[in-house]
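There is one chain below, alone, in structure tokens, taken in the form predicted alone.
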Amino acid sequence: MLSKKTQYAFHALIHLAENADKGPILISEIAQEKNISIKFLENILLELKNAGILGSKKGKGGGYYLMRAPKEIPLARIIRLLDGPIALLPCVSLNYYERCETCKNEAVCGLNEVMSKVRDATLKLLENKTLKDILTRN
């Protein structure tokens, strides 16, 4: 399940994408429009900025903006950045692998096999879907 943090990040990114023609957008505008605490949103946007997904401008006319077009921002990247692994078990994670303490042999573990397939199907979808795909439909 996506954390509230990641859900809010997607809502903020959608707002920035839909209003990209207006230039940088103030945190207060995003927070009010999407009903998100300003303090919580500040932390989320800072993480996205530090990851190179957002840029910011200070002063008059300042705010946050997308560094890339929505079609160039994979959903998987945002989820991994804010929530960590996409895999449901650490023993099947591609980026955050950890051996399961209760498993004696991953090569014959049925749970590992099934969860690897779940991971692959999920990644195939999330790596090929972008911010553009979740923009509000008219």
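Throughout, we count residues from 1 along the sequence that is shown. Note that the structure is a prediction, hence the values are computed from the model and not measured.
The same protein also exists as the form predicted together with the DNA; that form is not shown, yet it is the one meant from here on.
Using a 4.5 angstroms heavy atom cutoff to the DNA in the predicted bound form, all of K39, K49 and G63 count as contacting.
Proximity to the DNA in the predicted bound form, taken as heavy atoms within 4.5 Å, picks out 41-49 from the listed stretches 41-49, 107-115, 86-94, 73-81. Residue contact check for I25: one or more of its heavy atoms lie within 4.5 Å of the DNA in the predicted bound form. In the predicted bound form, K58 approaches the DNA with a heavy atom inside 4.5 Å. With a 4.5 Å cutoff on heavy atoms, K132 does not count as touching the DNA in the predicted bound form; it lies far away.
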